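Alright, two takes on the same chain below, each alone as structure tokens: structure 1 and structure 2.
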Structure 1
């Protein structure tokens, strides 16, 4: 099972990604953790990241994509599954990630979209900031992050929908309920993916996955 996670901040992407990874026994590739790990181990990529951070600059997409490629190579060696969390954040990253995955024979089976409204995720983030005594997650900062998500990240959803692998789930309910629906649906998807792999070159019908979520299914398409 190979899953991309797409969600606004505060929708529970990290939590659900961890649960999916544990359920299927596959790596949870979180780009933030990758960055911190490379910096801590002082790898070549980590040293490059530290230089950008020291200069107060954003880490370039290519550096992050190089880290993700390395992690996906390791995931392939470990059995071929993954949950990718934190990338893509824009259409350019989505396309670059797709090319990497095609090259490695590790294209995603599902782009899982956690759908949550701005008011709810703002409430969650403010509650988390108060609990963790974080002064950087203010209402203004959260509003800016959400605006960036809607402007830059949300358009990716249409791209994955066109490819036939997008599945959206209502993430505004309790975590346990969302988790049960996701895992049940992905479990139902596995036989379809295995059958599609056996019938190489044939298209897989993913409509039943949407039905498992109680929503309209995605358009049929080749897993990519």
Structure 2
């Protein structure tokens, strides 16, 4: 089972990603966690990305893509499944991730969208801030992260819908209800994935990814 998760901050990507990974016995690759780990260990990468995280901005695509490629290579060696949490966050990442995944024979089976409104996720993140003290869980930075989500991340959903791999779940409900719905949906998909070999020959059309943003959108156009 190969799942990528797309959701606004505070919708529960981390929680649900962990549960999905445990259910299927596959690695949970969370870009935010990987980055925060680098920051905590004060690695070169950590020092380079800290300011982006603190401001709620996206770290440069190449940094993320190198990190994720390495993790997907490891996931392939570990059995071939994954839960990707936190990527793609923009059209360039969606395109690059797809090409990496094709290259490794590891394209996603499901794009899981956790749907939650701004007021609810803001409330959750501020509640979490009181407990966890994440540097980006302040009102200003939360607003910035949400704005970025709507501007550059949410438009990608249409592309996954067109590819027929989008599963959208109402994430405004309690954790257990959301996870039950997700795991039921994914379990039902498992038998269908046996046809994955057939689909592997069917390349997604990257040109339509640009269309999701309209002609004036960021980085619209045909892929390299």
Ligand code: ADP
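Under this definition, the rigid core comprises the largest set of C-alpha atoms superposing within 1.5 Å between the forms. Keep in mind that what you see is a predicted model, and the values were worked out from it rather than measured. Positions refer to the first chain, counted from 1.
A.B. asks: Between the two chains shown, which is the form predicted on its own?
C.D. replies: That would be structure 1.
A.B. asks: Please say whether, between structure 1 and structure 2, the C-alpha of residue 179 moves by 2 Å or more once the core is aligned.
C.D. replies: Residue 179 C-alpha, core-superposed: shift of less than 2 Å.
A.B. asks: Would residue 36 count as moving between structure 1 and structure 2, using a Cα shift of 2 angstroms or more after superposing the core as the test?
C.D. replies: Moves: yes, 2 Å or greater.
A.B. asks: Residue 53: CA shift of at least 2 Å between structure 1 and structure 2 after core fit?
C.D. replies: Superposed on the core, residue 53 moves its C-alpha 2 Å or more between structure 1 and structure 2.
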